[in-house]
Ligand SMILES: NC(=O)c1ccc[n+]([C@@H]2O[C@H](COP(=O)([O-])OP(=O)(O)OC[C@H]3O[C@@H](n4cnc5c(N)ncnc54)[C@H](O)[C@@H]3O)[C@@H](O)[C@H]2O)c1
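In the block that follows, a single chain appears as structure tokens, in the form predicted alone.
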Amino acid sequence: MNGKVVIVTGGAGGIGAEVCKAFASQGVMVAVADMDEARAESVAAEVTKAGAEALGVEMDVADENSVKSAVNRTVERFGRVDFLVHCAGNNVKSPLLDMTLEQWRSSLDTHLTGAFLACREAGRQMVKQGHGGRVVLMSSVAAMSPVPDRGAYSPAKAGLSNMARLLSLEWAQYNINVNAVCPGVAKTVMTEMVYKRDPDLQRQRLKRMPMGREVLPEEIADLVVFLCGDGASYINGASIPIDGGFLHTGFFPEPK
């Protein structure tokens, strides 16, 4: 992986930042792409301080021109794109009956349209280079087990898993592998803020987690890096849960 280049959308977020650092530890040059340019530059500075090359770049994944500009800036700086990891996302709380069209569009635009635009622009660059590449889309166990009161989140994440399957067929001819990673509940700053507001939610969730804890962002990042490495060369079109067995707990006995 040494000397290759990755673009990480949502790279300043909890999971995205760990993905950036994990790639950097393998000698990969990192474009930290995020709506919040200042935070993107801050993560890039951390990566650079650790000894890897990094670029903080503003990217609104729902804006076509912004995505094109960010990919172009990456190529201008590093000369190529080998990997794309789409971590950008949001989590709008609203049951479907109460959801506004604006809320629905916000979720679909960030997760799904953002993935389309980022994949298209980075994919075109990879095809142009002719050396193949890897794409990882950050889906969720919510793609398979919908989250109540998040009326657009689960459909958007399911769309990402389907997009990975679609692109795995279309892009195999270019030696570009496309997969989705499906984390369970991750232990991020945002999750901890939610738990502070609703401590019962964490207790309820932990009862359904066979391993008794949330997944760490570092563990998700390790899986992403693996999927971009030589050891995953024949993994294509997969949606891989990293949830500690959460999806299989339909008959899991509740702890006493």
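Note that this is a predicted model, so its numbers are computed, not measured. Residue indices: 1-based, along the sequence shown.
Not on display, but discussed next: the form predicted in complex with the ligand.
Go through A70, V47, V61, V225 and name the one with a heavy atom inside 4.5 Å of the ligand in the predicted bound form.
Of A70, V47, V61, V225, the residue with a heavy atom within 4.5 Å of the ligand in the predicted bound form is V61.
Name the residue from E218, D36, D198, E192 that puts a heavy atom within 4.5 Å of the ligand in the predicted bound form.
None of the others qualify; the residue that does is D36.
Closest heavy atom of A12 to the ligand in the predicted bound form, within 4.5 Å or not?
Yes, A12 sits close enough to the ligand in the predicted bound form that at least one of its heavy atoms falls within 4.5 Å.
Even though the partner isn't displayed, in the predicted bound form is T110 close enough to the ligand, meaning a heavy atom within 4.5 Å?
So T110 counts as contacting the ligand.
Decide whether P183 counts as a contact residue for the ligand in the predicted bound form under a heavy atom distance cut-off of 4.5 Å.
P183: contacts the ligand in the predicted bound form.
How about S42 - does it come within 4.5 Å of the ligand in the predicted bound form, if we only consider non-hydrogen atoms?
S42: no contact with the ligand in the predicted bound form.
Pick the stretch from 71-79, 162-170, 115-123, 132-140 whose residues have a heavy atom within 4.5 Å of the ligand in the predicted bound form.
Among the listed stretches, the partner-contacting one is 132-140.
Let me test this: is every residue among G16, C87 and Y153 within 4.5 Å of the ligand in the predicted bound form, going by heavy atom positions?
Judged in the predicted bound form, G16, C87 and Y153 all sit within 4.5 Å of the ligand.
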